[in-house]
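So this first bit is one chain, no partners, the form predicted alone, shown in C-alpha coordinates.
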Amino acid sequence: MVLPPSLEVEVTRPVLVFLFGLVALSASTLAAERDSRHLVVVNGIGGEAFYRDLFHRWAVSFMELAEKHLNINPDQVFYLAEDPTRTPQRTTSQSRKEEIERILRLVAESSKPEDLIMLLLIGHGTARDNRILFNLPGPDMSASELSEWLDAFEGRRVIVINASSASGPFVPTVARPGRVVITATSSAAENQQPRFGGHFVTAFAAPVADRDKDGRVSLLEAFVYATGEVERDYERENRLRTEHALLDDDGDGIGTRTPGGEETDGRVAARIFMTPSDVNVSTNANVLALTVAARALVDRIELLKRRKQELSVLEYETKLESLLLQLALNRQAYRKGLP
(Lines give C-alpha, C1' and ligand atoms only; values in the text may rest on other atoms or scores of the structure.)
Protein backbone atom coordinates (compact mmCIF):
# COMPACT_ATOMS: atom_id res chain seq x y z
CA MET A 1 0.00 0.00 0.00
CA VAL A 2 1.32 3.48 -0.92
CA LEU A 3 0.81 6.02 1.86
CA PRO A 4 0.21 9.72 1.27
CA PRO A 5 3.41 11.71 1.77
CA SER A 6 2.12 13.09 5.05
CA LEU A 7 1.81 9.55 6.42
CA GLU A 8 5.11 8.13 5.20
CA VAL A 9 7.47 7.10 8.00
CA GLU A 10 10.85 5.46 8.07
CA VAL A 11 10.40 1.95 9.45
CA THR A 12 13.74 1.48 11.09
CA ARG A 13 15.02 -1.67 12.77
CA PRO A 14 14.25 -0.31 16.27
CA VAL A 15 10.68 0.47 15.16
CA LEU A 16 10.25 -3.05 13.81
CA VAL A 17 11.62 -4.54 17.01
CA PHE A 18 9.16 -2.41 19.00
CA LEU A 19 6.19 -3.44 16.82
CA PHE A 20 7.05 -7.13 16.98
CA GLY A 21 7.42 -6.73 20.72
CA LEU A 22 3.88 -5.35 20.97
CA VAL A 23 2.53 -8.26 18.95
CA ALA A 24 4.40 -10.77 21.10
CA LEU A 25 3.21 -9.06 24.28
CA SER A 26 -0.40 -9.14 23.07
CA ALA A 27 -0.14 -12.82 22.17
CA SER A 28 1.49 -13.71 25.47
CA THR A 29 -1.14 -11.73 27.40
CA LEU A 30 -3.94 -13.60 25.61
CA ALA A 31 -2.24 -16.94 26.22
CA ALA A 32 -1.80 -16.09 29.89
CA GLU A 33 -5.47 -15.13 30.24
CA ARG A 34 -6.51 -18.25 28.36
CA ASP A 35 -4.50 -20.43 30.72
CA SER A 36 -5.61 -18.60 33.87
CA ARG A 37 -9.18 -19.87 33.76
CA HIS A 38 -10.33 -23.32 34.79
CA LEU A 39 -13.78 -24.85 34.43
CA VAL A 40 -15.20 -27.90 36.19
CA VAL A 41 -18.68 -29.01 35.14
CA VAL A 42 -20.42 -31.66 37.24
CA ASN A 43 -23.54 -33.35 35.92
CA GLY A 44 -25.30 -35.10 38.79
CA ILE A 45 -28.06 -37.68 38.69
CA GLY A 46 -30.82 -36.81 36.25
CA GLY A 47 -33.29 -39.49 37.28
CA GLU A 48 -35.94 -39.71 34.59
CA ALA A 49 -34.91 -39.51 30.93
CA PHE A 50 -36.23 -35.96 30.49
CA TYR A 51 -33.87 -34.55 33.10
CA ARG A 52 -30.94 -36.69 32.00
CA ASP A 53 -31.25 -35.19 28.51
CA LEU A 54 -31.87 -31.67 29.82
CA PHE A 55 -28.84 -31.65 32.10
CA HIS A 56 -26.71 -33.16 29.34
CA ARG A 57 -27.67 -30.34 26.94
CA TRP A 58 -26.85 -27.69 29.53
CA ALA A 59 -23.45 -29.21 30.25
CA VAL A 60 -22.46 -29.68 26.60
CA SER A 61 -23.64 -26.17 25.69
CA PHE A 62 -21.54 -24.56 28.40
CA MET A 63 -18.43 -26.56 27.54
CA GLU A 64 -18.78 -25.57 23.87
CA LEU A 65 -19.14 -21.94 24.89
CA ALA A 66 -16.15 -22.20 27.20
CA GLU A 67 -13.85 -23.56 24.52
CA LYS A 68 -15.11 -21.83 21.37
CA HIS A 69 -16.45 -18.50 22.61
CA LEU A 70 -14.88 -17.86 26.02
CA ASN A 71 -11.54 -19.22 24.76
CA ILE A 72 -10.81 -21.37 27.80
CA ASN A 73 -8.01 -23.84 27.22
CA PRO A 74 -9.68 -27.25 26.55
CA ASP A 75 -7.03 -28.86 28.74
CA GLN A 76 -8.45 -26.86 31.63
CA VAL A 77 -12.08 -27.87 31.11
CA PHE A 78 -13.12 -30.89 33.17
CA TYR A 79 -16.44 -32.67 32.75
CA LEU A 80 -17.74 -35.16 35.29
CA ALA A 81 -20.80 -36.84 33.80
CA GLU A 82 -23.49 -39.08 35.19
CA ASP A 83 -23.04 -41.28 32.12
CA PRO A 84 -19.51 -40.94 30.67
CA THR A 85 -20.49 -43.00 27.59
CA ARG A 86 -22.70 -40.20 26.21
CA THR A 87 -19.75 -37.93 25.40
CA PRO A 88 -16.58 -39.99 25.94
CA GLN A 89 -14.46 -37.49 24.03
CA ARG A 90 -15.39 -34.73 26.48
CA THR A 91 -15.83 -36.61 29.75
CA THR A 92 -13.06 -36.59 32.34
CA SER A 93 -14.69 -39.13 34.63
CA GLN A 94 -18.01 -40.11 36.20
CA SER A 95 -19.52 -37.62 38.62
CA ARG A 96 -18.90 -39.62 41.77
CA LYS A 97 -18.05 -37.77 44.97
CA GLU A 98 -14.49 -39.04 45.18
CA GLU A 99 -13.90 -37.98 41.57
CA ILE A 100 -15.10 -34.45 42.23
CA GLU A 101 -12.70 -34.20 45.16
CA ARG A 102 -9.86 -35.61 43.03
CA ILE A 103 -10.42 -33.19 40.13
CA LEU A 104 -10.70 -30.19 42.43
CA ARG A 105 -7.42 -31.12 44.10
CA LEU A 106 -5.82 -31.54 40.68
CA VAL A 107 -6.99 -28.07 39.59
CA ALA A 108 -5.85 -26.57 42.89
CA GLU A 109 -2.37 -28.02 42.39
CA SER A 110 -2.08 -26.97 38.74
CA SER A 111 -3.55 -23.47 39.06
CA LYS A 112 -1.78 -20.31 40.18
CA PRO A 113 -2.64 -17.52 42.60
CA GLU A 114 -5.17 -15.13 41.04
CA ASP A 115 -6.38 -17.80 38.59
CA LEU A 116 -10.13 -18.01 38.04
CA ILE A 117 -11.84 -21.32 38.83
CA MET A 118 -15.50 -21.93 37.98
CA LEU A 119 -17.41 -24.94 39.30
CA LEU A 120 -20.82 -25.55 37.72
CA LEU A 121 -23.12 -28.10 39.38
CA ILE A 122 -26.03 -29.28 37.22
CA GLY A 123 -28.57 -31.71 38.63
CA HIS A 124 -30.93 -32.35 41.55
CA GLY A 125 -30.47 -31.34 45.16
CA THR A 126 -32.13 -32.47 48.38
CA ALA A 127 -32.22 -31.62 52.07
CA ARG A 128 -31.89 -34.56 54.47
CA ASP A 129 -31.61 -34.28 58.25
CA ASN A 130 -30.42 -30.67 58.00
CA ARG A 131 -27.82 -31.68 55.42
CA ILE A 132 -27.98 -29.97 52.02
CA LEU A 133 -26.91 -32.38 49.30
CA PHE A 134 -26.11 -32.41 45.62
CA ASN A 135 -27.27 -35.75 44.23
CA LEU A 136 -24.64 -37.95 42.57
CA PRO A 137 -24.13 -41.53 41.44
CA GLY A 138 -23.24 -43.22 44.71
CA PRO A 139 -22.96 -41.09 47.88
CA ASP A 140 -24.23 -37.51 47.55
CA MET A 141 -22.01 -34.47 48.09
CA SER A 142 -22.81 -32.14 50.98
CA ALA A 143 -22.27 -28.39 51.03
CA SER A 144 -19.80 -28.72 53.91
CA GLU A 145 -17.73 -31.30 52.01
CA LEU A 146 -17.54 -29.04 48.98
CA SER A 147 -16.55 -26.05 51.08
CA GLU A 148 -13.74 -28.06 52.67
CA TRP A 149 -12.40 -29.14 49.27
CA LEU A 150 -12.48 -25.53 48.05
CA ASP A 151 -10.18 -24.46 50.88
CA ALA A 152 -7.33 -25.76 48.69
CA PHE A 153 -7.94 -22.79 46.35
CA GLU A 154 -6.86 -20.10 48.81
CA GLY A 155 -5.57 -17.05 46.92
CA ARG A 156 -7.55 -17.90 43.78
CA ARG A 157 -10.86 -16.52 42.56
CA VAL A 158 -13.47 -19.25 42.91
CA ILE A 159 -16.97 -19.25 41.43
CA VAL A 160 -19.49 -21.89 42.50
CA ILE A 161 -22.78 -22.16 40.62
CA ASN A 162 -25.18 -24.70 42.07
CA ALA A 163 -28.01 -24.96 39.55
CA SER A 164 -29.86 -27.69 41.45
CA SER A 165 -33.09 -27.70 43.41
CA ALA A 166 -32.99 -26.91 47.16
CA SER A 167 -29.58 -25.28 46.59
CA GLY A 168 -30.06 -22.03 48.56
CA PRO A 169 -28.51 -23.31 51.82
CA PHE A 170 -25.24 -23.90 49.96
CA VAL A 171 -24.63 -20.15 50.23
CA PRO A 172 -24.00 -19.80 53.98
CA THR A 173 -21.96 -23.01 54.03
CA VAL A 174 -19.77 -22.46 50.96
CA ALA A 175 -19.36 -18.67 51.07
CA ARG A 176 -15.91 -17.30 51.90
CA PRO A 177 -13.96 -14.14 51.03
CA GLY A 178 -12.63 -14.70 47.51
CA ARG A 179 -15.54 -16.91 46.47
CA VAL A 180 -18.63 -16.06 44.45
CA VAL A 181 -21.49 -18.44 45.23
CA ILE A 182 -24.61 -18.59 43.06
CA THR A 183 -27.57 -20.88 43.70
CA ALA A 184 -30.65 -21.49 41.59
CA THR A 185 -32.97 -21.34 44.60
CA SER A 186 -33.15 -19.32 47.79
CA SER A 187 -34.14 -22.12 50.17
CA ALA A 188 -34.35 -25.87 50.62
CA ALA A 189 -38.13 -25.55 50.33
CA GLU A 190 -37.76 -24.56 46.66
CA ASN A 191 -37.28 -28.19 45.72
CA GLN A 192 -38.80 -28.30 42.24
CA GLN A 193 -36.29 -28.54 39.42
CA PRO A 194 -35.22 -24.95 38.61
CA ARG A 195 -34.70 -23.50 35.15
CA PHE A 196 -31.98 -21.07 36.19
CA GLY A 197 -29.10 -23.30 35.02
CA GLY A 198 -30.21 -23.41 31.41
CA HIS A 199 -30.58 -19.63 31.20
CA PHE A 200 -27.28 -19.05 32.99
CA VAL A 201 -25.51 -21.19 30.38
CA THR A 202 -27.24 -19.31 27.54
CA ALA A 203 -26.32 -15.91 28.99
CA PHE A 204 -22.70 -16.07 27.84
CA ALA A 205 -23.81 -16.36 24.20
CA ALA A 206 -26.72 -13.90 24.40
CA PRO A 207 -25.92 -10.35 23.20
CA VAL A 208 -28.86 -9.02 25.23
CA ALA A 209 -27.16 -10.24 28.42
CA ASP A 210 -24.34 -7.74 27.81
CA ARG A 211 -26.13 -4.86 29.53
CA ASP A 212 -23.28 -2.32 29.34
CA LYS A 213 -22.45 -3.27 25.72
CA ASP A 214 -18.74 -3.67 26.36
CA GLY A 215 -18.56 -6.84 24.26
CA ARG A 216 -18.34 -9.21 27.24
CA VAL A 217 -20.80 -10.73 29.68
CA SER A 218 -19.78 -10.42 33.31
CA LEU A 219 -20.79 -12.91 35.97
CA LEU A 220 -23.26 -10.39 37.36
CA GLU A 221 -24.75 -9.78 33.91
CA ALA A 222 -25.16 -13.54 33.41
CA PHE A 223 -26.95 -13.80 36.77
CA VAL A 224 -29.29 -10.88 36.01
CA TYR A 225 -30.06 -12.26 32.54
CA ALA A 226 -30.79 -15.76 33.86
CA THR A 227 -33.06 -14.57 36.68
CA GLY A 228 -34.93 -12.33 34.24
CA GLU A 229 -35.48 -15.19 31.82
CA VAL A 230 -36.70 -17.43 34.65
CA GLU A 231 -39.24 -14.79 35.64
CA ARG A 232 -40.40 -14.47 32.03
CA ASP A 233 -40.77 -18.25 31.76
CA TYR A 234 -43.19 -18.35 34.65
CA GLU A 235 -45.08 -15.28 33.42
CA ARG A 236 -45.49 -16.81 29.94
CA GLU A 237 -46.89 -19.98 31.49
CA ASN A 238 -49.02 -18.08 34.01
CA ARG A 239 -47.53 -20.14 36.83
CA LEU A 240 -46.44 -19.30 40.36
CA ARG A 241 -42.67 -18.90 40.43
CA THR A 242 -41.02 -21.64 42.47
CA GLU A 243 -37.37 -20.56 42.27
CA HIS A 244 -35.44 -17.44 43.26
CA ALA A 245 -31.69 -17.47 42.60
CA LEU A 246 -29.16 -16.03 45.05
CA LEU A 247 -25.72 -14.47 44.62
CA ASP A 248 -23.12 -13.91 47.34
CA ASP A 249 -19.76 -12.35 46.48
CA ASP A 250 -18.72 -10.59 49.69
CA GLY A 251 -18.23 -13.78 51.67
CA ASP A 252 -20.78 -13.03 54.38
CA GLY A 253 -22.93 -16.04 53.52
CA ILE A 254 -26.06 -13.95 52.95
CA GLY A 255 -27.15 -14.27 49.34
CA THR A 256 -28.97 -11.53 47.45
CA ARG A 257 -31.80 -11.98 44.95
CA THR A 258 -31.19 -8.59 43.31
CA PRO A 259 -27.43 -7.95 43.41
CA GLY A 260 -25.75 -4.92 41.94
CA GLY A 261 -26.76 -2.12 44.29
CA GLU A 262 -24.37 0.06 46.23
CA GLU A 263 -24.66 -1.92 49.46
CA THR A 264 -25.53 -5.39 48.16
CA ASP A 265 -23.66 -8.28 46.63
CA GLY A 266 -22.66 -7.97 43.00
CA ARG A 267 -19.71 -5.58 42.96
CA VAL A 268 -17.18 -8.42 42.69
CA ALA A 269 -19.27 -10.42 40.20
CA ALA A 270 -19.56 -7.32 38.00
CA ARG A 271 -15.77 -7.38 37.52
CA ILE A 272 -15.45 -11.09 36.74
CA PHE A 273 -15.40 -12.17 33.11
CA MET A 274 -14.85 -15.62 31.67
CA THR A 275 -13.76 -14.02 28.38
CA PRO A 276 -10.23 -12.63 27.86
CA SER A 277 -10.10 -8.83 27.69
CA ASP A 278 -9.92 -6.77 24.51
CA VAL A 279 -9.90 -9.79 22.20
CA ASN A 280 -12.52 -11.14 19.83
CA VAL A 281 -12.04 -14.78 20.70
CA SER A 282 -14.69 -16.30 18.46
CA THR A 283 -14.65 -16.19 14.68
CA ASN A 284 -18.19 -17.52 14.56
CA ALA A 285 -19.76 -16.33 17.80
CA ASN A 286 -23.16 -15.73 16.18
CA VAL A 287 -23.41 -19.31 14.91
CA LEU A 288 -22.45 -20.63 18.33
CA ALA A 289 -24.98 -18.34 20.03
CA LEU A 290 -27.70 -19.64 17.71
CA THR A 291 -26.80 -23.23 18.58
CA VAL A 292 -27.05 -22.54 22.31
CA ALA A 293 -30.32 -20.63 21.80
CA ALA A 294 -31.72 -23.55 19.79
CA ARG A 295 -31.02 -25.93 22.65
CA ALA A 296 -32.82 -23.55 25.01
CA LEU A 297 -35.84 -23.57 22.67
CA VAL A 298 -35.78 -27.37 22.62
CA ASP A 299 -35.83 -27.30 26.43
CA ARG A 300 -38.89 -25.04 26.38
CA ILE A 301 -40.65 -27.29 23.87
CA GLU A 302 -40.01 -30.36 26.00
CA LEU A 303 -41.22 -28.57 29.13
CA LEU A 304 -44.37 -27.53 27.30
CA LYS A 305 -45.03 -31.12 26.23
CA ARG A 306 -44.82 -32.20 29.86
CA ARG A 307 -47.55 -29.66 30.71
CA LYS A 308 -49.87 -30.65 27.87
CA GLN A 309 -52.52 -32.11 30.18
CA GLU A 310 -52.66 -28.87 32.19
CA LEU A 311 -53.51 -26.72 29.15
CA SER A 312 -56.44 -26.40 26.82
CA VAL A 313 -55.93 -27.76 23.32
CA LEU A 314 -55.91 -24.25 21.86
CA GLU A 315 -53.42 -22.90 24.41
CA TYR A 316 -51.10 -25.86 23.99
CA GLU A 317 -51.13 -25.74 20.19
CA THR A 318 -50.66 -21.95 20.15
CA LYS A 319 -47.63 -22.10 22.47
CA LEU A 320 -46.16 -25.07 20.60
CA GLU A 321 -46.60 -23.37 17.22
CA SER A 322 -44.84 -20.23 18.51
CA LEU A 323 -41.87 -22.21 19.85
CA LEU A 324 -41.55 -24.31 16.70
CA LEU A 325 -41.61 -21.14 14.58
CA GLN A 326 -38.84 -19.60 16.72
CA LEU A 327 -36.81 -22.79 16.34
CA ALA A 328 -37.32 -22.82 12.56
CA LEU A 329 -36.19 -19.18 12.28
CA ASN A 330 -33.20 -19.97 14.48
CA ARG A 331 -32.16 -22.86 12.24
CA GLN A 332 -32.62 -20.70 9.15
CA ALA A 333 -30.36 -18.02 10.60
CA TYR A 334 -27.88 -20.74 11.63
CA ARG A 335 -27.63 -22.06 8.07
CA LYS A 336 -27.12 -18.55 6.70
CA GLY A 337 -24.36 -17.89 9.20
CA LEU A 338 -22.32 -21.00 8.42
CA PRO A 339 -18.95 -20.29 6.78
Partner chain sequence: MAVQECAALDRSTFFGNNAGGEAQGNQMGLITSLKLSAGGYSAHLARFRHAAKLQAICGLVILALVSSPNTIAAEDVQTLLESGKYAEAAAAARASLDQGIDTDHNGYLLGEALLSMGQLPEALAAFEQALSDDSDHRFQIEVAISRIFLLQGQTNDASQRLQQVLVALESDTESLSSTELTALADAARLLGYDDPARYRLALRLYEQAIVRDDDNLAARVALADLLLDKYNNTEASALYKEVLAIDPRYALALFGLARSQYFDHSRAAIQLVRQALEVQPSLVPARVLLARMLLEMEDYSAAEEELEQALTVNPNSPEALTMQLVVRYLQSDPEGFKTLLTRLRELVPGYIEVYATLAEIAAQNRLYSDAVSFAREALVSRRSFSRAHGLLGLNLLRLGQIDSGRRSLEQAFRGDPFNVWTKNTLDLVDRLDELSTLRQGRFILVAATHEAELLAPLLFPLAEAAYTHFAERYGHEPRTPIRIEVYPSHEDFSVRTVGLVGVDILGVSFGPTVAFDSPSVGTFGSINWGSVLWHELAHTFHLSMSGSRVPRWFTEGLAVVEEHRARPGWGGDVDPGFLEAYLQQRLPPASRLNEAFTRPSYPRQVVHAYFLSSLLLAFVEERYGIDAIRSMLNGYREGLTTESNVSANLGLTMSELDQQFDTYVRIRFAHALEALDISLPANAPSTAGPAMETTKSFRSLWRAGGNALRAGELERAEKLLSEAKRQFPEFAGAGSPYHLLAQLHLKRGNAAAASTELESVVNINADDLSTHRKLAELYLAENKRDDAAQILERVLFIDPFEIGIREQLASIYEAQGQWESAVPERAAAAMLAPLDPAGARFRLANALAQNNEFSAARRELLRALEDAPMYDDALQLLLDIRQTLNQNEHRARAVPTE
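What we label the rigid core is the largest C-alpha set whose atoms superpose within 1.5 Å from one form to the other. Residue numbers count along the first chain shown, from 1. Keep in mind that what you see is a predicted model, and the values were worked out from it rather than measured.
The same protein also has a form predicted together with the partner chain, omitted here; what follows describes it.
Peer 1: Do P137 and the partner chain come within 4.5 Å of each other in the predicted bound form, heavy atoms counted?
Peer 2: Contact check for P137: no, nothing within 4.5 Å of the partner chain in the predicted bound form.
Peer 1: Does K308 reach the partner chain in the predicted bound form, with heavy atoms at most 4.5 Å apart?
Peer 2: Because a heavy atom of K308 falls inside 4.5 Å of the partner chain in the predicted bound form, the answer is yes.
Peer 1: At 4.5 Å between heavy atoms, is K68 in contact with the partner chain in the predicted bound form?
Peer 2: It does not: once the partner chain is placed as it appears in the predicted bound form, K68 has no heavy atom within 4.5 Å of it.
Peer 1: Closest heavy atom of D214 to the partner chain in the predicted bound form, within 4.5 Å or not?
Peer 2: Yes, contact at 4.5 Å.
Peer 1: Even though the partner chain is not shown here, does it sit in the predicted bound form so that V77, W149 and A175 each have a heavy atom within 4.5 Å?
Peer 2: So, no: the whole triplet misses the partner chain.
Peer 1: Answer with one of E99, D115, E190, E229: the residue that has a non-hydrogen atom within 4.5 Å of the partner chain in the predicted bound form.
Peer 2: By the 4.5 Å criterion, the partner-contacting residue is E229.
Peer 1: Which among 139 to 147, 68 to 76, 233 to 241, 167 to 175 is in contact with the partner chain in the predicted bound form, heavy atoms within 4.5 angstroms?
Peer 2: It is 233 to 241 that comes within 4.5 Å of the partner.
Peer 1: Mind listing which residues of 300 to 330 have a heavy atom within 4.5 Å of the partner chain in the predicted bound form?
Peer 2: Counting only heavy atoms within 4.5 Å of the partner chain in the predicted bound form, the contacting residues of 300 to 330 are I301, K305, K308, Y316, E317, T318, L320, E321, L324, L325, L327, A328, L329.
Peer 1: Taking 2 Å as the cut-off, check whether the CA of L303 shifts that much or more between this form and the one not shown after a rigid core fit.
Peer 2: Yes, the C-alpha moves 2 Å or more.
Peer 1: Could you check whether the CA atom of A49 moves 2 Å or more between this form and the one not shown, using the rigid core for the fit?
Peer 2: It does not reach a 2 Å shift.
Peer 1: Quick check: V60 between this form and the one not shown - does its CA shift reach 2 Å or more after fitting the rigid core?
Peer 2: The answer is no, as the C-alpha of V60 shifts between this form and the one not shown by less than 2 Å after core alignment.
Peer 1: Relative to what's shown here, the Cα pair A269 and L297 differs by 3 Å or more in the predicted bound form. Does it come closer or drift farther?
Peer 2: They are closer; the C-alpha distance drops by 3 Å or more in the predicted bound form.
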